[in-house]
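Only one chain comes next, encoded as structure tokens, the form predicted on its own.
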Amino acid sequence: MRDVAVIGIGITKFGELWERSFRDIGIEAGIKAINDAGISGSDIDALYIGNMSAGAFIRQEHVAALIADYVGLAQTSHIPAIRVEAAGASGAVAFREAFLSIASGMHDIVVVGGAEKMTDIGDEMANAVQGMAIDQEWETVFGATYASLHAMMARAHMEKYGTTREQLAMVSVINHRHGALNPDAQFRREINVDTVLRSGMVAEPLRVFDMCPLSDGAATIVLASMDAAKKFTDRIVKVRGIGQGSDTIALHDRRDITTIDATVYAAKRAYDMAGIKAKDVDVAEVYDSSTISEIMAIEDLGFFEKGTGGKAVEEERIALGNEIPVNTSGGLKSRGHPVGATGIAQIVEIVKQLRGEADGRQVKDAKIGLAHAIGGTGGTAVVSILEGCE
């Protein structure tokens, strides 16, 4: 396979963007990435879009063609435009598919984006749409929700490993601290443990501040073969490894609901491809749709032994300036979670870190970064490893 590099990135602000449309935010992120890469429309061979539920949220399907149309690529070069759906991993899977299209030699330069407009409908409908990522026949029909399934995982982790309610809260505290440094984050305010513990109950033991928001936003990456990349920029970030894994969509069929086996498998594939181990990673963006999600992720990715993630968070070993900075963007919890865009936004943050462009949240001497996204409660997982090139 050919070497593949990221040569351009673009991202919008995340949040409740009432005045913006789906196509508007998608185009903004795309133009930023294209300008950052220094390419023109005629250089682009293909377009991939990660999106979970535009049909349900804004009654718009065929979104890849829509974006290609409104950025002017449909009328000129008529390039292929492909939408990818994998719940919260939609953007990450789109990134992997774009990577494979270049590594295989099919394309030289590919734009891969993610976009979602989620706040134009009421909370009840939004939660119902989010619930489409879990098993409708064996979970949703019996009253299970996305939050309640995470609550089951949290309770099991607490019972099995002694993880505490305060340790869960510290995930949110650290991510909000990081997010306060990110100008594109939805929530830019620090909180404390008491704020989390006093927030409204969602599904015991998880409270409002244990869960990420639903957001509007878009993010875009420009990928290129290494040979093509060198023609456009000297700020090259190499995609060193990538892995994708799957598991049962329903929790009751899982081997162990305190471990996301899809993450374990995806991480192994990515580490093997990159030729590194977890200890070599300098900065990571992991999927924190809930506080327990992040604790399980830092264990399943190999940063900490199984069952010790809560203690590692309590000791702030994942905070900026410490052992392995995690979610320097603020994560889903603080940066926001426009589902289809999240996997791309994570990679945008890693690229910024590896370029030394993360401003007040910069990880010193960051050379290798990891991005981790999950679809549903763990039915899909993608792990991408990137390396800054001198």
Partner chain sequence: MNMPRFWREIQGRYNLIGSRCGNCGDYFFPKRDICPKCHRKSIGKMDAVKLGGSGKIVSYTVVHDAHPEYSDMKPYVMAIIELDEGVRLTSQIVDCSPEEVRTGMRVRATFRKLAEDGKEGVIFYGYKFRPE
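A quick note: this is a predicted structure, and the numbers were derived from the prediction, not measured. Numbering follows the first chain given and starts at 1.
Another form, the form predicted together with its partner chain, is not on view; read the next lines as being about it.
Student: Within 4.5 angstroms, counting heavy atoms, which one of the listed stretches 128-136, 191-199, 107-115, 221-229 is next to its partner chain in the model of the complex?
Tutor: Result for this chain: 128-136.
Student: When its partner chain is placed as it is in the model of the complex, are Glu316, Glu323 and Gln362 each within 4.5 Å of it, taking any non-hydrogen atom of the residue?
Tutor: Contact check failed for every one of Glu316, Glu323 and Gln362.
Student: Just give me the single entry in Ala312, Met152, Ile236, Ile242 that has a non-hydrogen atom within 4.5 angstroms of its partner chain in the model of the complex.
Tutor: Selected residue: Met152.
Student: Let me know the one among Ala203, Ala274, Val173, Leu181 whose heavy atoms come within 4.5 Å of its partner chain in the model of the complex, would you?
Tutor: Spelling it out, the residue with a heavy atom inside the cut-off is Ala203.
Student: Since only the chain is shown here, I'm wondering whether Ala144 would be in contact with its partner chain in the model of the complex (any heavy atom pair within 4.5 Å).
Tutor: Residue-level check for Ala144: yes, a contact with its partner chain.
Student: Contact between Ala156 and its partner chain in the model of the complex at 4.5 Å, heavy atoms?
Tutor: Yes, Ala156 lies within 4.5 Å of its partner chain in the model of the complex.
Student: Taking 4.5 angstroms as the cut-off for heavy atoms, does Thr308 touch its partner chain in the model of the complex?
Tutor: Result no; Thr308 lies far from its partner chain in the model of the complex.
Student: Wondering, does Val281 line up within 4.5 Å of its partner chain in the model of the complex on heavy atoms?
Tutor: No, Val281 sits far enough from its partner chain in the model of the complex that none of its heavy atoms falls within 4.5 Å.
Student: If you look in the model of the complex, which residues in 257-279 sit within 4.5 Å of its partner chain (heavy atoms)?
Tutor: The stretch touches the partner through Ile257 alone.
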